[in-house]
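Presented as structure tokens, the chain that follows is alone, the form predicted on its own.
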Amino acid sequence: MTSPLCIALLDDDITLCAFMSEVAQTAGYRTVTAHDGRDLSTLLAENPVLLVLDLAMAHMDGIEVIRQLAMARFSGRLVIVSGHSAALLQSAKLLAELQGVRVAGVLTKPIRAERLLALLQAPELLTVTPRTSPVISLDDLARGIENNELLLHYQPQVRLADGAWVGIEALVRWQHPQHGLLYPDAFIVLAENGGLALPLTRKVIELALNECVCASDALGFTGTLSINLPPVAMTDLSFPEAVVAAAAKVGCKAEKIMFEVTETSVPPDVAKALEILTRLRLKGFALSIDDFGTGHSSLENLTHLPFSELKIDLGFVRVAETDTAARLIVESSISLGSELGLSVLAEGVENEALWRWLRSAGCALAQGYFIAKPMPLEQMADWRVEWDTRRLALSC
């Protein structure tokens, strides 16, 4: 019999911990609890898939704990809890993400059972297998790139008005010969810090372009291929020509490719980034500002950089049903993007209620587990058949 997944609770409010533990156990989880940040190592020894963290604690506050999680390469997800302002919560969320810690959401006190339960029932938690991140060397990663061990999974993007399939996002994985399938959290930071981010990105582009041509032939896919762009690509003046050459090699039109720029990844040399991104747009490629709302310069980036799509951060979308501040941010982002002539995509759409609310709010596109998880290209045909049946009901 498989043991229940573990959730760790770190809050100096003993009563609140007991309440959260009861909710989590009701949802089928095993819980471990601590009331002092100095006990973090004890919690991590239980290999939790989720850590619920209070920001305001004595002895070691939540911001210090986040730094410790990053140093420990915590492979689970984090929920940040506080009675402070929504702005402070979002600052803590951004700080965690900048250090490589995955954030499942934020909760303001007092915590309601249904809001906590919604986070605990997120599909990525229910399907996750607890894992420890293997120790990977830079030489190992370089060898993996050279030996074609990288592979791609794709997550569909659809139109909210009618559910039509309009795009796919390419997400890199590494089929390691010893460690098995590795997800980006196990090697992306290593690549960025070790000078391999650009070779890795070029390999991803090569794979994605080749597979997208296959998808066009086998599936009749005529939508947009989205590829994430790391900061280093916005410092390499030869990058636009390299992408043009790669697209021409497989006969893929530039307008079918969307490069996603995470808002917090725009490098300090904005002039060089602007030159590269503008040249990409001139050559016909589309640009998306990803995770919109999480960076400190959202509006400045929108006005200075030539984006064609605004992608609303999943952290806001997931809790928009129950969190007033998040709902206002999503609604404002939809309105702003539309007024600027940008296509607006909401990621993190994980239930039908969110789907219908986003459609009524005027959002154009959606991506998330309610539509499909990331999958190998060969699974797309079966997904499309199933989705075509579901989307008919959603159009009602």
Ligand code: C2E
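Whichever C-alpha set is largest while still superposing within 1.5 Å between the two forms counts as the rigid core. Residue indices: 1-based, along the sequence shown. Since the model is a prediction, treat every value here as computed from it, not as a measurement.
From this point on, the text means the form predicted in complex with the named molecule, which you will not see here.
J.: Within 4.5 angstroms, counting heavy atoms, which one of the listed stretches 234 to 242, 184 to 192, 86 to 94, 320 to 328 is next to the named molecule in the model of the complex?
T.: Result of the contact check: 184 to 192.
J.: Could you work out which of A218, V135, L117, M71 is the residue within 4.5 angstroms of the named molecule in the model of the complex, going by heavy atoms?
T.: Flagged contact: M71.
J.: So which of P230, G100, P267, P199 gets a non-hydrogen atom within 4.5 Å of the named molecule in the model of the complex?
T.: Looking at the other structure, the residue within range turns out to be P230.
J.: Report whether all of R173, G348 and P374 sit within 4.5 Å of the named molecule in the model of the complex, measuring from non-hydrogen atoms.
T.: Result yes, every residue of the spot touches the named molecule.
J.: Looking in the model of the complex, any heavy atom of D290 within 4.5 Å of the named molecule?
T.: Although the named molecule is absent here, D290 would touch it in the model of the complex, with heavy atoms inside 4.5 Å.
J.: Answer yes if any heavy atom of T278 is within 4.5 Å of a heavy atom of the named molecule in the model of the complex; otherwise answer no.
T.: No - in the model of the complex, heavy atoms of T278 and the named molecule never come within 4.5 Å of each other.
J.: Is there any non-hydrogen atom of L209 lying within 4.5 Å of the named molecule in the model of the complex?
T.: Judged by the heavy-atom cut-off of 4.5 Å, L209 is well away from the named molecule in the model of the complex.
J.: Answer with yes or no whether G368 is in contact with the named molecule in the model of the complex, where contact means some heavy atom within 4.5 Å.
T.: Judged by the heavy-atom cut-off of 4.5 Å, G368 is in contact with the named molecule in the model of the complex.
J.: Does the C-alpha of T278 move 2 Å or more between this form and the one not shown once the rigid core is lined up?
T.: Stays below the 2 Å threshold, so no.
J.: Establish whether a shift of 2 Å or more occurs at the C-alpha of A197 between this form and the one not shown, with the two forms superposed on the rigid core.
T.: Comparing forms between this form and the one not shown, the A197 CA shifts below 2 Å.
J.: Core-aligned, does L171 move its Cα 2 Å or more between this form and the one not shown?
T.: For L171, whose C-alpha is compared between this form and the one not shown after core superposition, the shift is less than 2 Å.
J.: Relative to the form shown here, do the C-alpha atoms of Q99 and S333 sit closer together or farther apart in the model of the complex, given a change of 3 Å or more?
T.: Pair moves closer in the model of the complex.
J.: Closer or farther: the CA pair S333/L98 in the model of the complex, versus this form, with a change of 3 Å or more?
T.: Nearer in the model of the complex, by 3 Å or more.
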